[in-house]
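Only one chain is given next, in structure tokens, and it is the form predicted alone.
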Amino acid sequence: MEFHKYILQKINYILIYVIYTILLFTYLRALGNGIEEIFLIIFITTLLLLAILFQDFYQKKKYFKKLEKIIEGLDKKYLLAEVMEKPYKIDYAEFYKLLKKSNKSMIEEVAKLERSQKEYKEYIESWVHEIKIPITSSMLLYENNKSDLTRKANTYLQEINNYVEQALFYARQEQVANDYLIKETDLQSIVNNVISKNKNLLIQENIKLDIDDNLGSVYSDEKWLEFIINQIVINAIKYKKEENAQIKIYSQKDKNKTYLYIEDNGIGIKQSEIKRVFNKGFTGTNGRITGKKSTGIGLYLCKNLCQKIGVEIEINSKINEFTTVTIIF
């Protein structure tokens, strides 16, 4: 709260006081009072007015500073009216009552929306688990009845399964804090699981794999990390080059960090788009290529989940040459 703005708010009172002073001066002069006595009276009344203004300004500034301190300490800023003190001024007190009523209504509405969102997430999770049963059963049918036709059908099933998993992790992303366990995790095992999930697609797309034999171990959550790596590998498959496609996975360590690199020699990403690939819903030029439609959710989820489990993720690419995604532990 700034003093000059406060004075501007009080300009009407100041103008009234100026008019009052002129009338007082005229009246006292007409009664035969000397100029010195009149100015003394005006000086004293002016000092009293200034004292009132300064005292009022100081109280208000102190009150609003206290409110600022309170709101800075609140995670949910909209709860300010629930914890703020009742104002000392009667006009502010009436405003405070209205604010409390409005805030109560808003809290009830927020609670209603939170309940609705929770119910929707629970439904999505339940639906995902239910839909996975027929998908898994269909994949088992393929394993027992391999042919060109079932192989193609299995590819579509794998794609459906990937989107279903994406929906599940999207619904769960706000609950990561309640659903992860940080422990020593074998990167080799996780990468092998991801490759196993996508083996049919990798064979069909004729993609060569180059994976280090000793990727090492890191401290992370196995389930969430596997999802992140799987999304990156799926992208590498989706945006492969037509001939001699390759995915290379290797790691490096220094004193404080472990770097996991997932590199492909695919169609790459434009430099003008590289900073936006983690944005929600961003598909870019590659996402609009015929036959390679994208939701723009995969990398957004990877970035979001990495932040929640304390892992960094970076991406580097050159169009028509390579894309390297680095996960830093």
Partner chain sequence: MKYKILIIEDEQEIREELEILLKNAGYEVEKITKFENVANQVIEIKPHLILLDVNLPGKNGYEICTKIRAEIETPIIFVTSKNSALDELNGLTVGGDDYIEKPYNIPVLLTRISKILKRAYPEQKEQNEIEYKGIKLEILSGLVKYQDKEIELTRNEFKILYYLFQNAGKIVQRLDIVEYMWDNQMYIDDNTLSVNITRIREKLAEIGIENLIETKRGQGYKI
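Residue numbers count along the first chain shown, from 1. Nothing here was measured: the structure is a model prediction, and the numbers come from that model.
Omitted from view is the form predicted in complex with its partner chain, to which the following refers.
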Interface stretch in the model of the complex with its partner chain - options 109-117, 146-154, 79-87, 255-263, non-hydrogen atom within 4.5 Å: 146-154
Contact residue in the model of the complex, from Met139, Leu99, Leu215, Ala171 (heavy atom within 4.5 Å of its partner chain): Met139
Proximity to its partner chain in the model of the complex, single hit among Lys121, Lys248, Lys197, Lys241 (heavy atom within 4.5 Å): Lys197
Lys104, heavy atom within 4.5 angstroms of its partner chain in the model of the complex: no
4.5 Å heavy atom contact, Val233 and its partner chain in the model of the complex: no
Contact of Thr185 with its partner chain in the model of the complex (heavy atom, 4.5 Å): no
Close approach of Leu74 to its partner chain in the model of the complex, 4.5 Å, heavy atom: no
Stretch 125-139: residues contacting its partner chain in the model of the complex, 4.5 Å heavy atom cut-off: His129, Lys132, Ile133, Ile135, Thr136, Ser137, Met139
